[in-house]
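In the block that follows, a single chain appears as structure tokens, in the form predicted on its own.
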Amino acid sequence: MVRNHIAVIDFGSQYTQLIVRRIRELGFFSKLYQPGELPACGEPAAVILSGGPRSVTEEGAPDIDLEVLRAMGVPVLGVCYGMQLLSQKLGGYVAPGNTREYGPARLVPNNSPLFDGLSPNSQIWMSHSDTVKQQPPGATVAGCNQDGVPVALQFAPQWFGIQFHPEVSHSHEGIKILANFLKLAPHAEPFRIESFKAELIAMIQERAHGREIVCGVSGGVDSTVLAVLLKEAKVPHRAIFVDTGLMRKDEADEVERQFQQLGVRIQTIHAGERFLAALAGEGDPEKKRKIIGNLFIDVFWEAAANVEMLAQGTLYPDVIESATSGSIASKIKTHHNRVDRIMDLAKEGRVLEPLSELFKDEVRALGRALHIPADILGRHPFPGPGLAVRCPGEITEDKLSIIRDADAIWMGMLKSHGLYDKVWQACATLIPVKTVGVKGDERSYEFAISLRAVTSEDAMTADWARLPYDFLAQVSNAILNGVKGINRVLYDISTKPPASIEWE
């Protein structure tokens, strides 16, 4: 039983793991639980009830045992759905509002310990359709919006509810609100990455039970940290690198050199022809992901032979976007490592995903604790399906060659101009239509390439990077002059949401 941590109950909000992340940023240990797991929280120092997409008024809506929560005797904070659930269970009345509230609002705090030190007119972020029409008996208003509508309630001396999301960056003083809440939990356990590393190693050793663990590696930060973590745990393991033919320029050679540097032996399987044959003629992004995921398992399993346990470098954004974690979050896209066959293996207890509660920056911190070199940890995220998600429509070797050459120029110039480490992720995507241009006084009819660079903290939200115009002009000229088949270069200025970072 876990003691003295912050238990976050997941009601399916896409922001739920951000609460865990923010709590950890504040220096405290935090874990995520499903509503039915409330008794399994052990003896937490505090409980936070997350937001969610459902209405508390729906039949079968996610619920908790109020008596179990009361018996814990710890501070409780309900966020959005969590506030509405507490309000309803404590005797209040919740109903659909006149309009859905989504976006920025202003918090006017009353005299509440939750809002100590806040400015008198702080921006908060709303995302809800229901509202508390009648407060529970004994509840007091802790804060209102700019129109005087209550957006924060205090149900008891240490029980609060807020109708906004303090965990997102759009709530400008949200971190301070969470910090104020944690001050009410004096027994909260500090979070240190070294302690988390020790916990992961112990978990791996316990799950392995002497069985050999096989992991797939790509050279990316996630799978690299995973492989080194398995090495550190001193469990029997093998690392297999499947070259799908969807890698970037010269990437397979770079991956082999990287793992040699780390002292991790890998087995390389060159399977590009098989993947391209399987993808031939297919343009649907979901079907392409499933083809890649299933074929990867085929190739991987052939190389691995008798697999006793599979380890994956899955991160929480993969889990939440695929909505296969047991939560009720809406599915956004299927990740290659969350396809049906892997989920079937997980049901058999044969999948190990020690990084699945972490965000990318936390994985990098774990990598530093494992003494992985900074240049490896600083590598931009690269999607599991590889260049397939940067080639909308049918995939061909000619299209992949164009993307590789453009990507090599894009990445090389970001690095040479000192901009690579200033963006979260960058990519070059082939736009699957041809446009008219002029080359050498002759008409050309060739593809366009879209360049993308984003800034982000965790990939849950992202903004386009404001790179210098002169730099973008240089990159455009280099690609137009150096990549055959391209006569137009675009720069993607979409945010996430509504767009995703990758095109597919």
Ligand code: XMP
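All values reported here derive from a predicted model rather than from experimental measurement. A residue's number is simply how far along the shown sequence it sits, counting from 1.
Heads up, the form predicted in complex with the ligand isn't pictured, but that's what we're talking about next.
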*Report whether the minimum heavy atom distance between R289 and the ligand in the predicted complex is within 4.5 Å.*
yes
task: With heavy atoms only and a cut-off of 4.5 Å, decide whether G293 touches the ligand in the predicted complex.
output: no
Item to complete: Verify the contact flag for P354: yes if a non-hydrogen atom of it lies within 4.5 Å of a non-hydrogen atom of the ligand in the predicted complex, no if not.
Response: no
query = Any chance P383 has a heavy atom within 4.5 Å of the ligand in the predicted complex?
reply = yes
As a check of understanding, the residue in Q425, T140, Q123, T268 with any heavy atom within 4.5 Å of the ligand in the predicted complex should be identified as Q425
As a check of understanding, the residue in C41, L69, A459, A46 with any heavy atom within 4.5 Å of the ligand in the predicted complex should be identified as A459
Only one of 407 to 415, 383 to 391, 244 to 252, 70 to 78 sits within 4.5 Å of the ligand in the predicted complex by heavy atom distance, namely 383 to 391
Near the ligand in the predicted complex, with a heavy atom at 4.5 Å or closer, the residues from 477 to 504 are K496, S500, I501, E502
